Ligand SMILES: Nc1ncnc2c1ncn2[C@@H]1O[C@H](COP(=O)(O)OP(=O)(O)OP(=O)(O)O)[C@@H](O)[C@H]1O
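First, one chain by itself in structure tokens, the form predicted on its own.
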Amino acid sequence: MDHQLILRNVTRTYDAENGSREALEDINLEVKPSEFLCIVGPSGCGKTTLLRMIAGLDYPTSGEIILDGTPVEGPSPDRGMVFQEFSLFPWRTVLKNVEFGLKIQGKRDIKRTAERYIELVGLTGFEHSFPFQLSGGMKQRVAIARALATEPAILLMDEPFGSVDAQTRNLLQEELLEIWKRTKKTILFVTHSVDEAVYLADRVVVMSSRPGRILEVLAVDIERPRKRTSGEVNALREQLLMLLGSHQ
């Protein structure tokens, strides 16, 4: 099934001591089925708030978020979320972490499903390891497997590679693209890194500083696999940096 996500006139305002504070203003966006969409913008522009509202963990002050024709009114298994922090249960093994959401949903063949997604993220052989025994990159693979195991329509990723070293980050980007090709999931990926956005995305949403507004949505018409230092990649990177720099 093709899954379509639509945001219409989404605004988020928070109460503050000296009056209200607008985090997001009039966000309009249509996400295509199976699209890899990256969202970039300055710190504090509301990228994470936007992702949390799509996940149903926060709500718009006005406007609406619609998935497959139904308004988003709270969390649901059709939206999986991967946070920057690894957010694993330290007392659970890799297998038990990945099984967690499946058990809550009352799924069948839980162990077999979990093992399949552990294999998908390249962690076969580590099923019985605990998080403290894993590297940062491995922990994030577990978090991705756990999010994918519940078969969400959309995978929401908030700076998922922000806390790992540069070499691991590049490797995880490549692995995520392979997972995306195999699963055909729709992915919304928040990042501070223009390089990461250009390497991963079908389209890049560029946001302004607070209150966050969409400045532009740029298509990345560069064939994959992309060379990180190619002329096309460098040209798009410069365009994104200019957009961000002129709207700080």
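Only a predicted model underlies this, so the values are computations on that prediction, with no experimental measurement involved. Throughout, we count residues from 1 along the sequence that is shown.
Note that the form predicted in complex with the ligand isn't included here; everything after this is about it.
Engineer: Just to confirm, with a 4.5 Å cut-off on non-hydrogen atoms, which of 168, 113, 93, 84 contacts the ligand in the predicted complex?
Structural biologist: If I apply the 4.5 Å criterion carefully, the residue I get is 84.
Engineer: Heavy atoms within 4.5 Å of the ligand in the predicted complex: which of the stretches 193 to 201, 47 to 55, 61 to 69, 176 to 184 has them?
Structural biologist: Result for this chain: 47 to 55.
Engineer: Examine residue 228 and determine whether its closest non-hydrogen atom to the ligand in the predicted complex is within 4.5 angstroms.
Structural biologist: Taking the distances in the predicted complex, the answer for residue 228 is no, it never comes within 4.5 Å of the ligand.
Engineer: Looking in the predicted complex, any heavy atom of residue 33 within 4.5 Å of the ligand?
Structural biologist: So residue 33 does not count as contacting the ligand.
Engineer: Does the ligand come within 4.5 Å of any heavy atom of residue 240 in the predicted complex?
Structural biologist: No - in the predicted complex, heavy atoms of residue 240 and the ligand never come within 4.5 Å of each other.
Engineer: So in the predicted complex, is the ligand close enough to residue 151 to count as touching (4.5 Å, heavy atoms)?
Structural biologist: Residue 151: no, not in contact with the ligand in the predicted complex.
Engineer: What residues in 151 to 172 sit within 4.5 Å of the ligand in the predicted complex, counting heavy atoms only?
Structural biologist: Read in sequence order, the lone residue that approaches the ligand (within 4.5 Å, in the predicted complex) is 159.
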